[in-house]
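One chain is shown next in structure tokens, namely the form predicted on its own.
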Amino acid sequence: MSTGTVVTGLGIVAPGGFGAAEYWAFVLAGRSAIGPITRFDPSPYPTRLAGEVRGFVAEERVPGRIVVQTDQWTHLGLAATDLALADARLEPAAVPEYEMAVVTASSSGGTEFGQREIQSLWRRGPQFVGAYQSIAWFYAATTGQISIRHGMRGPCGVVCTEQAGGLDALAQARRLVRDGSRMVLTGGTDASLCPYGLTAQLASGRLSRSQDALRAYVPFDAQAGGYVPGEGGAILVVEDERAALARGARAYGTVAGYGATFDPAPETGREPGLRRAAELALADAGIGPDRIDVVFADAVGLPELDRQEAAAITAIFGPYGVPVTAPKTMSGRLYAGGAALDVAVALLSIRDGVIPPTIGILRQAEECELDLVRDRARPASVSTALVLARGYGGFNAAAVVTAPSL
């Protein structure tokens, strides 16, 4: 088991809070940031609730010249990056430029910016489409803007596996550290709360149509009916353990294990790959199921997908064999930002010895034999967490994070 890659900075911009401290307090309080969509008029759409990053003003956190060139999801990513670097007490100018890397997750790209420019094309003609249309909605825009802004000229890339992307990007960051990068910025954000983005999401058939903000997203509940979309996410500073130790950094935890699989076609009747991804992550970390103190569930919120995830968890840990939580019920499903945010929360759980709750569950589905942490945070000895994520289309990922050795 390698313990050479540690997380030293958390940058969170999500429904419920800016920065790790504010968001963590929000999560432990068990409140909900889900409410009516305000970024546009949602009345013509069947889904009208979302987790919005309320109070976020891009001009206050992103240079003005960058604001006009980029989409909301990149604004959120840049703001989260600044928070992560500050939290890590790391000044990029002090690190050789080719020893810094950036790997982010992306789901839908800059849909709000893209919609605005497409509308200009339709209504006014091609001469009214801005030059930045070609880059602002590009799925790699956030990685590019982060690397340019902070002079990070090492390996840079983007992973496009929807909700699983945050874990896949974290794994790539670990590979880069092992290959010699001193520091990697990784994670993801998303922001598809515009008519174009919401319409694209509705096509999956997975969005909740409930108008009850407290019951619209209730995974593992007997009345689960889909998930609520959200925006935001987290950016993490990942470093070589020795380099972090040399500069006196504080580590939140170690990236100890990772596994990924892809689901077979549904008509084959074969088992989905989430269980296998989790087993690969445990094997990569060199530990058994008995070492896991909490599982952060993917928690889609659709009965069949919840049943499949519960079956994967119970197959590894036994019925009710490990505490399971889904704090994303407070903020919505954040796509490319969701798994990275779960990792950040898992690391805070390890730091403080408490498991955040899953909220809104009134009657747990009988077929989901899980020790679900409901309504209130649960004090616990947490040194190792398993984070699960599934991306639309068949992507599965799992990551193990452990308490730091620093």
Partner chain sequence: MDQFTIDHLIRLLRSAGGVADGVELNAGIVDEAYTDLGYDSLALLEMSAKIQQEFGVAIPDEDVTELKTPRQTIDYLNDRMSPI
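These figures come from a predicted structure and were not determined experimentally. Positions refer to the first chain, counted from 1.
Although not depicted, the form predicted in complex with the partner chain is the subject of the following passage.
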Legend entry - Interface residue in the predicted bound form among Ala265, Ala131, Ala93, Ala246, criterion: non-hydrogen atom within 4.5 angstroms of the partner chain: Ala131
Inset, instruction - With the partner chain left out of view, choose which of Pro44, Gly55, Gly64, Pro379 has a non-hydrogen atom within 4.5 angstroms of it in the predicted bound form. - result: Gly64
Inset, instruction - For the three residues Leu49, Cys194 and Ser204, verify that every one has a non-hydrogen atom within 4.5 Å of the partner chain in the predicted bound form; reply yes or no. - result: no
Inset, instruction - Select, from the options 323-331, 132-140, 185-193, 230-238, the stretch whose residues sit within 4.5 angstroms of the partner chain in the predicted bound form by heavy atom distance. - result: 132-140
Legend entry - Partner contact for Val68 in the predicted bound form: the partner chain, 4.5 angstroms, heavy atom: yes
